[in-house]
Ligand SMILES: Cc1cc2nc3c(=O)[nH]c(=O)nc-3n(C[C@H](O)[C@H](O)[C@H](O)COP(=O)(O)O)c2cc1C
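As a starting point, one isolated chain is supplied in structure tokens, in the form predicted on its own.
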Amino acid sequence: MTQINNQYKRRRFLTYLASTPLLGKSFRAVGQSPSEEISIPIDNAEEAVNVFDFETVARTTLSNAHYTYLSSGVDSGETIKANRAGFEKIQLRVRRMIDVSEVDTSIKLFGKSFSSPIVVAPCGTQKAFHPDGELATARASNSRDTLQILSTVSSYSVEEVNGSRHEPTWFQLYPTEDWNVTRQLVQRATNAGCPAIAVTVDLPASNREALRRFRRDTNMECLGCHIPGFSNSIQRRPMFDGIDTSSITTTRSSNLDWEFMDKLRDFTDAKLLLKGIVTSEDAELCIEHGVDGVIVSNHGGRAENSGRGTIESLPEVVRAVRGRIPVLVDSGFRRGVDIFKAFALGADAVCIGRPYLWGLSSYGQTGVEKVLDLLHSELKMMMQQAGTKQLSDINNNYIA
């Protein structure tokens, strides 16, 4: 009984402490603004009040190497910070006296309906965060009627993930220097039923300094999973099973051009999206080359050090596309109000990455489900607060 009372008192004290300014910056998540304090550590997924609660658990649950992989960006992290700071620059105009007792958050992408506009973004190596990895994420996304995009460097094969999800994901493609390898990846994904391929085009090179501090050739924490040498590493990825990878040296192809896009367009009937488009010029070229959709993305601050948030890039891409193809956006989304702002600026769906990985790291499938629930609930409340009954009601008039 004494132990129970002590635990209760400790939780009460932490609750009080979390509500005061005493903890300051030391109690904030990576890239989090001063106004977004983290709550006290939680004991299960249902106790979470917002997605930052899971970040706290993930930080203590994961190894140093895996948490660094999850949280870090490039250089000194300027673009990660910009992704969050961009939302704070946007104020909303909200309307009153509208019956919002019922709101509709459903979307339709390429003829397929989903009850939520939140998309589970492609993130590789999820087994580093939980033994079930992408399988847990697949079950969670299916249970919440949410689209999932699977990474080329998934810990599980597309066939296994689609089996757990009970319907196909979209497939994220890292093109390689060898067209034959790329072609086989696309063919395998489409054979598995994936209706869309999201081609990542924002990662010809990156300077991830934090990751480089964990030297895989000497760090025993990393050697348990990573065999030194690219060829050995890529052969451990299930999507490359049966593919001769001796001709490639990286999955970060630096030779991508529009000729490649034309070749890919001729090869497959799947819907093709380009992930990493952040300018009007490239958005226009997407239209010219028959791209079916774009994802406005800077790889969560893990690709380039532009110092520009994707929410700031979104308007010019939307203007260039002019409604001809869907525009999705990712990077830095942590709140339902962030999603609302993206729709006000013209997005058709919003992809999340780190938040659901925090949930996965903390509690597996139930953690991912709770993250999706929290963001969806916050979005619905923001829609009610703004007087919007459905997503199509949200437009630029709501931007102050």
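What you see is a predicted model, and the numbers here were worked out from it, not measured in a lab. When you see a residue number, it is the position in the sequence shown, counting from 1.
Absent from the display: the form predicted together with the ligand. The rest refers to it.
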query	finding
Non-hydrogen atom contact Ala85 with the ligand in the predicted complex at 4.5 angstroms	no
Proximity of Ala342 to the ligand in the predicted complex, heavy atoms at 4.5 Å	no
Residue contact check: Pro168 to the ligand in the predicted complex, 4.5 Å heavy atom	no
Any non-hydrogen atom of Gly364 within 4.5 angstroms of the ligand in the predicted complex	no
Residues Gly133, Gly359 and Lys370 all lining the ligand in the predicted complex, heavy atom within 4.5 Å	no
Among 175-183, 320-328, 123-131, 107-115, the region lying within 4.5 Å of the ligand in the predicted complex by heavy atom distance	123-131
Members of 338-358 lying within 4.5 angstroms of the ligand, judged by heavy atom, in the predicted complex	Ile352, Gly353, Arg354, Pro355, Leu357
